[in-house]
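As structure tokens, one chain now follows by itself in the form predicted on its own.
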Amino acid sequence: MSDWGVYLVTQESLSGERTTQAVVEAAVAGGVDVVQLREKDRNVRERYHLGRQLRELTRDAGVTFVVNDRVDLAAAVDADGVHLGDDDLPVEVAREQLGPDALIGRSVSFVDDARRAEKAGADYLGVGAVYATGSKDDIDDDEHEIGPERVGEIAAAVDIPVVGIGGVTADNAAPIVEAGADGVAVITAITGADDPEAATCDLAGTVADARED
């Protein structure tokens, strides 16, 4: 995987009147690098059928595709990998199930957890919540608004890619990348935008400019 610049996490309930497939198509046109199937409020059968559609779309575009939480679903839709949180299967178990070539991501908020995830075999880290966010209501106070500085501390402590997530927009993404992150992950900055393609382009431009600073 060569680039983690713009990482879209899908959620149709935060996409206005648009379908997730329409949002992903627009994001792909705008230059998204990674798409994660989230859709927390859908049952696994619905996510399976949507995942099959997104897998075809992303594969044709050369975009990396991962599934949130569910190792079984990632395997069923032939995703590139899975993204795991604190309540999901351990990284080592996901690796056993998906094989050596799968991308396995892990959500972390602290340096020690980041080091443990890397040691367990995670391929990349989702670090946050960087800023205040309304997309996730299940995070502890000490994992909320950790700021770009913490992202930088984690990036410096590990040798795998780091993506900042949580309240990220084109207006505040630059400090995350300047601190050392390889990219930014977003939900509503793209799904809730009037023009998801243009929003993706804006984010990609912000990330690219921050990398040059």
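Numbers for residues come from their place in the sequence shown, where the first is 1. Quantities reported herein were computed from a predicted structural model and do not represent experimental measurements.
From this point on, the text means the form predicted together with another copy of the chain, which you will not see here.
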In this chain shown alone, the residue from Arg70, Arg55, His144, Arg150 with a heavy atom within 4.5 Å of another copy of the chain in the predicted bound form is Arg70
Contact residue in the predicted bound form, from Asp113, Asp80, Asp88, Asp123 (heavy atom within 4.5 Å of another copy of the chain)
Asp88
Could you confirm whether Val44 comes within 4.5 Å of another copy of the chain in the predicted bound form, counting heavy atoms only?
yes
Within 4.5 Å of another copy of the chain in the predicted bound form, heavy atom basis, the matching stretch of 156-164, 184-192, 45-53, 169-177 is 45-53
Establish, in the predicted bound form, whether Cys201, Thr206 and Ala210 all lie within 4.5 Å of another copy of the chain, using non-hydrogen atoms for the distance.
no
Residues in 104-118 that come within 4.5 Å of another copy of the chain in the predicted bound form by at least one heavy atom, in order, are Arg106
